[in-house]
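Here's a solo chain for you in structure tokens, the form predicted on its own.
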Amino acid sequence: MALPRAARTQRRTRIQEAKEEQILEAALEVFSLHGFRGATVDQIAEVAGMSKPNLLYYFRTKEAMHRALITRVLDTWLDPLREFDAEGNPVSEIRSYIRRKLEMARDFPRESRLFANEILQGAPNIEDELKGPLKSLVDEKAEVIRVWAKAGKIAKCDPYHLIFSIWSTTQHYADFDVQVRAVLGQDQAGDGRFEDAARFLEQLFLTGLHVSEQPA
């Protein structure tokens, strides 16, 4: 990951760190609304409440800001999968993974849209991470699912498509939030929609995998 210019100085102050976070927060807002191509440094500077020259002291280019954000988002996005425990109970592990992914959809919708936009554009900033660390992690967790299936704890399934399906169904509630709320209507479009979604997806996946309730 390319560090902001201020991060490469010998003594990085708290003010510098705060300014970088201020800029990245503004960049996240602009990128999530307009995408990388539609966003400009001037827009980001305006949202950050600072001059363009001041912003460019910390991040020389729009690409540098986007790269810093997308790398951070990818790392955060993978945390729930890293916690997928081979020694755990399949019911508890799958249920926890679904719920954590939905919590992220609820709490980090801008980050989800930023990541989705990056993928739709061909992942120019994170292709190496997708083919490297991401693939390695998914391979590792796919083997966990295979072991569970071989032990008869869940039905046989393609572990990669199971993971892909959980990603797509949970992130839908962030990436297509406007559509979800419009279709559900005012009475069902509150924060409770995430709990409703969690219960439904638990039923969908756990029933589909023929996982019987086991003691945790």
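The numbering used is simple: start at 1 and walk along the sequence shown. Please read all numbers here as calculations on a predicted model, not as lab measurements.
The form predicted together with a further copy of the same chain exists for this protein as well; it is not shown, and the discussion that follows is about that form.
Asker: Looking at a further copy of the same chain in the predicted bound form, do all three of 44, 56 and 73 come within 4.5 Å of it through at least one heavy atom?
Answerer: No, because 44, 56 and 73 lack any heavy atom that approaches a further copy of the same chain to within 4.5 Å in the predicted bound form.
Asker: Can you tell me whether residue 141 touches a further copy of the same chain? I mean in the predicted bound form, with a 4.5 angstroms heavy atom cut-off.
Answerer: Taking the distances in the predicted bound form, the answer for residue 141 is no, it never comes within 4.5 Å of a further copy of the same chain.
Asker: Test of understanding: in the predicted bound form, would residue 82 fall inside 4.5 Å of a further copy of the same chain by heavy atoms?
Answerer: Close contact is absent here: in the predicted bound form, residue 82 is far from a further copy of the same chain, nothing within 4.5 Å, heavy atoms only.
Asker: Please tell me whether any heavy atom belonging to residue 99 falls inside 4.5 Å of a heavy atom of a further copy of the same chain, as the geometry stands in the predicted bound form.
Answerer: Answer no; every heavy atom of residue 99 is more than 4.5 Å from a further copy of the same chain in the predicted bound form.
Asker: Does residue 162 reach a further copy of the same chain in the predicted bound form if we count a contact as any heavy atom within 4.5 Å?
Answerer: Contact check for residue 162: yes, within 4.5 Å of a further copy of the same chain in the predicted bound form.
Asker: Within 118-156, which residues have a heavy atom closer than or equal to 4.5 Å from a further copy of the same chain in the predicted bound form?
Answerer: Result: 119, 120, 121, 122, 123, 130, 131, 134, 135, 138, 139, 155, 156.
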